[in-house]
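We begin with a single chain expressed as structure tokens, specifically the form predicted on its own.
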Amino acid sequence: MELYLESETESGIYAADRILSIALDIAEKMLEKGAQVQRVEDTIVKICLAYGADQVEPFAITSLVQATVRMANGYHTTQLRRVYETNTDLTVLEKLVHLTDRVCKEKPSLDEVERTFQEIVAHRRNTLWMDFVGMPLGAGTLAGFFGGNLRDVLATAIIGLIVACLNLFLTRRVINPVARTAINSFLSGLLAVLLCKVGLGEHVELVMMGTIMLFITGILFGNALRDLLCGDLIAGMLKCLQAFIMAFAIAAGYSLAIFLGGLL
């Protein structure tokens, strides 16, 4: 244990608590950024074993990470982390995987691991321009792919830009993802109807098809199938349920928009 502890006083139960705390911090952030449940559990095991653990028992689902570690000197501890929302950020995931590999190979001090982890978490990329460029471009391109003309593409791109602005506002208001998806879907469908009514778009169904692709939970459902095939049944079923709920929110939002559009 002298390889990684800063002083002789950092031993016993304090060492077990600190090692497990660091491992769970990294695992929690990986789960938040879209990592597979099996990879999250493997990360906890690798970090704890690298720093002298004798036995590690991790458990992770989409909203919870828990682990118990027993050190070689007999001390043991249990900690957990609650995960409230997940998204996909491959850049952060890659950095955390590299940090885990470095821990296993070099066994740096715990202070250094904590410092590196905080640097990874604190570094925030300015992705606003990606949303404001990617959403209009993606929605408009898909409308054209589905057979829309130039007016349909332009109308869909405008809706994509509005959705990007609205999504930024709703995210800062800390609205949960299901409600945020339902609101975005409703306003996107209503805008599609209105823009076609005023003549900016021509085929309302194609405009809606282009905008609805912004909200489809394809990655979430794909991750759910991946977890199921890897044997993580609880996590896979929870993600499947989450994907179905998000799909229902999308359908409800667009259905209400179509209904109100018919009344208009």
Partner chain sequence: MSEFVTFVMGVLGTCGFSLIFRVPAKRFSFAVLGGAISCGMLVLLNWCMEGHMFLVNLIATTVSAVYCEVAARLLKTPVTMLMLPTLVPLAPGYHLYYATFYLVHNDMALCWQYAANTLIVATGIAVGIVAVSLVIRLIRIPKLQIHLHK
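Not measured: the values here are computed from a predicted model. Positions refer to the first chain, counted from 1. Superpose the two forms; the largest set of C-alphas matching within 1.5 Å is the rigid core.
Another form, the form predicted in complex with the partner chain, is not on view; read the next lines as being about it.
Interface residue among 71, 142, 103, 191, judged by heavy atoms within 4.5 Å of the partner chain in the predicted complex: 142.
This chain is displayed alone, yet in the predicted complex one of 120, 137, 187, 166 has a heavy atom within 4.5 Å of the partner chain; that residue is 137.
Within 4.5 Å of the partner chain in the predicted complex, a heavy atom is found for every one of 36, 42 and 226.
Of the candidate stretches 73-81, 110-118, 176-184, 94-102, only 94-102 has residues with heavy atoms within 4.5 Å of the partner chain in the predicted complex. The closest heavy atom approach of residue 133 to the partner chain in the predicted complex falls within 4.5 Å. Using a 4.5 angstroms threshold between heavy atoms, residue 153 counts as touching the partner chain in the predicted complex. Within 4.5 Å of some heavy atom of the partner chain in the predicted complex lies at least one heavy atom of residue 205.
Using a 4.5 Å cutoff between non-hydrogen atoms, residue 255 counts as a contact of the partner chain in the predicted complex. A movement of the C-alpha atom of residue 202 reaching 2 angstroms or beyond is seen between the shown form and the other one when the two forms are aligned on their rigid core. After superposing the rigid core, the C-alpha of residue 230 moves by 2 Å or more between the shown form and the other one.
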